[in-house]
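This document starts with one chain, in the form predicted alone, laid out as structure tokens.
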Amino acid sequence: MTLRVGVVGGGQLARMMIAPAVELGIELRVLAEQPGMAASLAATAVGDYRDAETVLAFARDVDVVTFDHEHVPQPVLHALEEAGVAVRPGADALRFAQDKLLMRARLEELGMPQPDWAAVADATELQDFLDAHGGRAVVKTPRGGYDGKGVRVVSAATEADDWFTVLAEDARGGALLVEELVEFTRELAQQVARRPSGDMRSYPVVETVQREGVCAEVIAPAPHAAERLADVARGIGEAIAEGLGVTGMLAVELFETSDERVLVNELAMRPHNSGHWSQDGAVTGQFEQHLRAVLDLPLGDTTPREAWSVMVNILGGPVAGGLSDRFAAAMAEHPAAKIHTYGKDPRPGRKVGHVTVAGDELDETAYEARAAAVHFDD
């Protein structure tokens, strides 16, 4: 019998599940938000993921439902579960990825290391936090932010007045999340795959490089990561996966601080940009692993194929022409590079693809990945 996986959301993460699904003989079905999205090759339905009837109709003929993003509302998730649909990750886990205040509170209960934080309902509470933390802090909207959106560094409470106004106009109460401004030496990410049975596999901790709030590069494994650091990151990832009941892929974004602490920054319960290196650089890539995990199949080996892998995002793309116009030159000059594009039109700041290179020597591997990616810029 063919296994059927339904993916809610038609973006590039759903798109990159298609190839491993074909290889495993899995039937992948996608509920896309609109026609022509990145995962259109597997889109069997188009509709609003916020509408319970639409999602229930999509889910009727699949064995399990999983996600390209974490924005499906809780009432829709609960409607799926009440109808007997296998939802992975489930509503109880996803709420911690959907609401940063809930995430911070739960991680505190689990004893996870994280920045000092508070829920602030007005400018007075925000100013009190600023006064207690050196006059600067990070303010976040609890829901909906990604790639630097919904995040501000502030030095005065008035810099979040517009967000407090929105909260007041919403008439349902609520608060913003404020966090200490962490002095970090670099950003890391730890990925863990977990099956419903509880079996887990961890990937090597990686270093991520952000530019203007968007991931630009990933180096796997993280350079200069002593065994202690790797053990700490893996322990944090596995404890969170277990404590939150995650099924599928989990990405834990981390800060490594100047005083050698490792703190949790953000969570994602799906394949993640920090794991794209694994498509070509690990025995089992994150997209195959996610399919295995949500179907409760044995998890694959996460060992890197080479000493180093470097992933470079293609951000924006060429001003004139399409990405395919640049393939020949990039491939000719960098035959070791693996080029992945998302079927998206170029647009400033938009993630339209990525390049991965694996090799024995870090500097050469990084050079090849960066140089291949440059072919798609103007």
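Since this is a predicted model, take the numbers as computed values, not measurements. One-based numbering along the sequence shown.
Keep in mind that the form predicted in complex with another copy of the chain is not shown, yet the notes after this line are about it.
By the 4.5 Å heavy atom rule, the three marked residues Arg292, Met331 and Ile339 all count as contacting another copy of the chain in the predicted complex.
This chain is displayed without another copy of the chain, yet in the predicted complex the stretch 279-287 from 71-79, 132-140, 95-103, 279-287 comes within 4.5 Å of it by heavy atoms. Taking a 4.5 Å heavy atom cutoff to another copy of the chain in the predicted complex, the contact residue among Gly235, Gly300, Gly243, Pro113 is Gly300. Of the residues given (Arg186, Arg152, Arg261, Arg201), Arg201 alone sits with a heavy atom within 4.5 Å of another copy of the chain in the predicted complex. Contact check for Leu315: every heavy atom lies farther than 4.5 Å from another copy of the chain in the predicted complex. Among residues of the shown chain, Pro335 is one whose heavy atoms approach another copy of the chain to within 4.5 Å in the predicted complex. Taking non-hydrogen atoms only, Arg305 approaches another copy of the chain to within 4.5 angstroms in the predicted complex. Put simply, Leu3 is close to another copy of the chain in the predicted complex: some heavy atom of it is within 4.5 Å. If you take 1-35 and check each residue for a heavy atom within 4.5 Å of another copy of the chain in the predicted complex, you get Met1, Thr2, Leu3, Arg15, Met16, Ile18, Ala19, Val22, Glu23, Leu24, Gly25, Ile26, in sequence order.
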